[in-house]
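In what follows, one protein chain appears twice in different forms, each by itself as structure tokens: structure 1 and structure 2.
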Structure 1
Amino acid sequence: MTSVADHEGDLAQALDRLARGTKFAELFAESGAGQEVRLDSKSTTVTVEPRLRGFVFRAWTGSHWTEAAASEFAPRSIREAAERIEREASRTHGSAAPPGESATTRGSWTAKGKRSLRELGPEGTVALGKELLGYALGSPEIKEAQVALAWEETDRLYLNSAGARCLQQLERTRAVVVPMAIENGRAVADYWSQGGIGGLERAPDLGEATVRRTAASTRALLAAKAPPAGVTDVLLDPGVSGTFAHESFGHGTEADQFVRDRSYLKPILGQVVAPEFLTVVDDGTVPGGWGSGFCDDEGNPSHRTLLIDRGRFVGALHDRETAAILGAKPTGNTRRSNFMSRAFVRMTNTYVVPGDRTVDELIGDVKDGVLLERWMSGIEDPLGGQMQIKVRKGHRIEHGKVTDLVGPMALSGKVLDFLRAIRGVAQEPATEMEPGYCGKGHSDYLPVGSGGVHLLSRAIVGPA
């Protein structure tokens, strides 16, 4: 399949033409390839990633942005998309300059895996998958399991009329294991997942011990008790703590919500919102992070942005427009899900920085509470400041001891109350970015990483 760079000449020519007829124009183009091998006890599926490619032009009409896109790089398609933009621009009569500064970054970057699944090929990947599946299905009471091993490689090209040119080639690899236990018509599942930009080295724990451990934890879920319902102490495991960072101070600090007057955080920028041992960061430069990249989709370099610095809310995530309106600088957080989707302010990798307590100390601080483990999802409420986090399982904590295993739970609460109630953040080894997908609302999903360390606070929990 041809790369986007093969069509750069035609695309750049059309962009030049657009730039002459508008105040600013830019192009985003992408092409991708990849493969997923998925196995269970009954079938093996090899999916070659669809050969998809496309481009989108965006231009400033003098009053608003307009876009046109197509999935075909033929000169005719490129010309037609540019003409649509020109027609829209001529329909509107604004004369304002485009908001914010136009990026001028130029560069080419490549991130390839050291142990690439691509080099392993479908035969080798299926063999690896069967070995892992065998460990899961060989475990007592595991009646079914799924193993997925996937890689994808995307070329992303950004050009604009101010001279920016960013070409990124990113390889992502992900491994997932989902054992299922079935007993008397009841089914339960646990999961394990690792991945990042690179090859299998981004799933360092993939192997027999991990699969057997996940199978054992799945089996145990058959005997899990009902979780408590109500307000209680909550100890978040590192993955759940990463989800907290993402949902609380991730979405809430996407500055387009500030501009929309839709963020409860906007009036409290600069204020102390949490104990001084809490620091939360969004960082698109994390090596191998699932949400990392070299530059964003407005051509700004990736960046590490402090959101909460030792308890003080200090920063937000910006694109060119929000930065201009709010007197800030772009933070490298403008992302398109793909050429069909619009650019938004988005997170990259969001995480809680390690603190100074041991996990045992945090557990010892809990008289009656619950440990939340294995995140499933989260959702934010940028205006109301509520958050919901769902987990696959947990344990009761009673009088400083971890006791009964409990089933799926949802955590609910006001973020600012949750922050004020934080009693400790664990000092643990380097934060690992867990791979996930994030939507803006319920669409525009793209890869993001989140991570953290154990964190103790108080919230409402109930079964989910």
Structure 2
Amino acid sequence: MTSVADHEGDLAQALDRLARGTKFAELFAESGAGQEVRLDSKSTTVTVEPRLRGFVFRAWTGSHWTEAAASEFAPRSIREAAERIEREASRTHGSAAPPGESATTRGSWTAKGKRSLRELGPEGTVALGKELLGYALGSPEIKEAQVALAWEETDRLYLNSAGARCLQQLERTRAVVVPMAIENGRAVADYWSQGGIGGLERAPDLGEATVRRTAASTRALLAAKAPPAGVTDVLLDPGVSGTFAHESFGHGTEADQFVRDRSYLKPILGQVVAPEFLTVVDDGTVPGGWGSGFCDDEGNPSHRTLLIDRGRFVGALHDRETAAILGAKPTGNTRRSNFMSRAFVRMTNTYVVPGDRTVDELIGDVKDGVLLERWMSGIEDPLGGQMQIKVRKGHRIEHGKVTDLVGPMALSGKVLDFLRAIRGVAQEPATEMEPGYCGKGHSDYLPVGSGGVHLLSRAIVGPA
């Protein structure tokens, strides 16, 4: 893959030219490639991600931002994009300074895999996938299975007229195994997934033991009972508590929602919203985290941002503009899904920080409740403060003991009610960031991580 750094000279020259005619100018350029192998008992699909290459100039004209992009690095394309910016700036007579602080970060960072799927090639990746598929299909009562192995590489270059230069070369790897069991026309499935920035070392549990254990968990779901319905105690496993962190203090803390008055959280910033043993953070510096990076797409260093600090809602996620409007500092959360998309305030890795109780203590506190395991999806309403989380399975908890396995269910309710009802957070080590993708609305999907520890609260649950 050709690096964007190979074209930096031409891009920087055009940026210097723009800087002479505007109040501020910046460049975001990227080059990326990837591959995904998907297998089941009937088919093998190798999808080669297109080599995404391009750049976007953004400049402050004195009254507003203007952008121009191109999907190649040819000198003519670079020149024409810069000329479009210059024409727009010439029609503007504003003299205001650009909003917020301009980043001055400088650095080059590389995070590549020690065991790269790319180096295996399509044939080697397919061979690995077939081996994993064989372990699943060789397990009793497993009638079908899906395996997915994927990698992507991206080079991202940021330059601005204030002197910032950030070059990031990242590789992400993800592995998913989904065994399925079918009985009397009813299909059930559990899953396993790991991934992060790096190679196969970010899926350290990938192998026969994990696949067979997941297959056994799937098989057990054939006998699962119906989940409870109504308000009950809920113990979230680490993956589900990470989803809760993402949904409860995700888009609602992206400060562009504050500026637009579209977040129910804005009026309560600074208030106590949960017990003092709860802390939630967004952290783009997690080593190997699926949503991590070294700087954001406005050139600000990645950052660990406290959202809830010992029960108090203390922080939001900012770009330069929201920080200027709300009297804050940029938090390293400006992200473009690609050079053709807008720069938005976005999450990175959002998780619940470990507390001070054991998992056994939390279970012992429950007389009648349910343990929620294996998150499937989550959704939130940043304006109304509602959330819903769906899981593949769970267990009843009765008189302080984990008992019957139950099938898929959904947790729902008001985020603030759920926060106030939290009774404990486990002291176990925080899990690796589970890989996922998040959109801003219905588009602009980009990688985000979530994680946490077991968390006990109270909410509405029911079959899903």
Partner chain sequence: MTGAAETSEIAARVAEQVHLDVPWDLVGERTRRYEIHLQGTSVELERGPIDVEGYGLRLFRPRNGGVGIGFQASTDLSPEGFRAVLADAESATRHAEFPAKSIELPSGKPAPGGSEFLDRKLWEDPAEALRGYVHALVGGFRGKSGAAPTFGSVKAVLREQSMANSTGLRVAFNSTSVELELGVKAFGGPEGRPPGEFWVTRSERRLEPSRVPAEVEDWCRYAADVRRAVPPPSGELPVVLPPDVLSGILPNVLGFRFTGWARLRKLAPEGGTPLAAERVTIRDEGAYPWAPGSAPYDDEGSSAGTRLLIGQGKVGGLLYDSLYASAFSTTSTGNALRGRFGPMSALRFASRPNPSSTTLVLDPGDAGGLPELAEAAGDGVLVTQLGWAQPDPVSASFGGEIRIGYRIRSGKIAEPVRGGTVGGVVFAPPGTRSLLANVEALGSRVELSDALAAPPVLVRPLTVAGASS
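What we label the rigid core is the largest C-alpha set whose atoms superpose within 1.5 Å from one form to the other. Structure 1 provides the reference sequence; residues are numbered from 1 along it. Nothing here was measured: the structure is a model prediction, and the numbers come from that model.
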Just flag whichever of structures 1 and 2 is the form predicted in complex with its partner chain. 1
Please check if F418 moves between the two structures, taking a CA shift of 2 Å or more relative to the superposed core as movement. no
Does the distance between the two CA positions of L18 reach 2 Å or more between the two structures, the core being superposed? yes
Verify the C-alpha shift of G198 between the two structures: is it 2 Å or more after superposing the core? no
After superposing on the rigid core, how much does the Cα of R87 shift between the two structures, in Å? 5.5
Quick one: CA shift at R58 between the two structures, core fit, Å? 3.2
